[in-house]
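The data below hold one chain only, encoded as structure tokens and taken in the form predicted alone.
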């Protein structure tokens, strides 16, 4: 490899990291909205490093939406929902007693916890978040609080969470649980109101029975989840927007959880109305450990904030048999890189069928991502946000003394402009080839140019490693 130092003006514009840091700090302070769909208020500040260390190292996890809604698979009594599969009870106004009949049909004999966890592991995912209880109120574990669960209400009678816990421990995957604060079935929760399952009541009424549900049902179930399944990594709450749930309840719940399990990470939706990157309540303090943008990657990372983008592969979370609008594996890899380049985690969803199988379309995409991660995972795991502004050709991540250039668009002339101060980098090489195959690096006053191979490698996003002096 030859390194040429030239004192000359280059068309490459040097991006000042100090300017970026100041800009991001002002962005966070002012609570400005990014050009995304779910941005509003500043996100929750970072939790203690010792608690979040494994989560920041992981960067990539699997979301699993699975429950009774997998049986209708988006269609009930000949009528299809045009919305999310797991919301079918709500959107098609299925009466509680009628929807409950799906429990007697839930017999996922093809469910294999080892296969699910192995698939996540081979994809390069480090943790798994499953819907222990979604908005329909059905529990995927042997809950002593209710008989509306996998053991008492179905012919399957196997504790899904227990089997996943065993498989996760065996394979070194962190098991995490999603839990819905909203419950369409419980008489003391939202289900008692008409029109029932309404996402948010705006008539000013207060459900006086909700505190009883919170105390006698919700909290005991949460205690079961954090007590009976080993080393749980995250409690991922949702449905906190319902009118009867309060910030005071969120604070109480968070305090009890972390009091019993100090190392347990809790998302910001444990607080009232904290979806997306929001996290600050009206008193100015916070509840929860990380922000949760949904179906989006924030325009920029926000300095000093832990966050995780949860996204689907098609247009639904829970399985819909007629949803074939799949994102390509290439786009999913680019999403993963985009999220990591901004300092976030990527939680990618699968919606298993009623039989307990992850759809083939999901498997194919996960296998493609896994193939990419086997070569390039070093540039994702434990990485931090880009030290430079977003380049036109791709994204940056960084770790220790290395900056990783993720190349979305291979330059036709074989020359890749990279941001750097003069002499900042001592060597450059493709991650797939290793340091034994260095590339020519030309340094200018305002940046550097790397002479790439004539043709792009087969990877959808080839990664260039830039080692600092």
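Numbering follows the first chain given and starts at 1. Since this is a predicted model, take the numbers as computed values, not measurements.
One more form of this protein, predicted together with a small molecule, exists but is not displayed; see below.
Comment: the small molecule is not present in this chain, but in the predicted bound form one of 84, 368, 226, 119 has a heavy atom within 4.5 Å of it, namely 84. Out of the listed residues 111, 236, 346, 372, 236 is the one that sits within 4.5 Å of the small molecule in the predicted bound form by at least one heavy atom.
Using a 4.5 Å cutoff between non-hydrogen atoms, residue 127 does not count as a contact of the small molecule in the predicted bound form. At a distance threshold of 4.5 angstroms between non-hydrogen atoms, residue 66 is out of contact with the small molecule in the predicted bound form. Contact check for residue 241: a non-hydrogen atom falls within 4.5 Å of the small molecule in the predicted bound form. Although the partner is absent here, residue 310 lies within 4.5 Å of the small molecule in the predicted bound form, judged by heavy atoms. Residue heavy atoms within 4.5 Å of the small molecule in the predicted bound form occur in exactly one stretch of 86-94, 149-157, 384-392, 246-254, and that stretch is 86-94.
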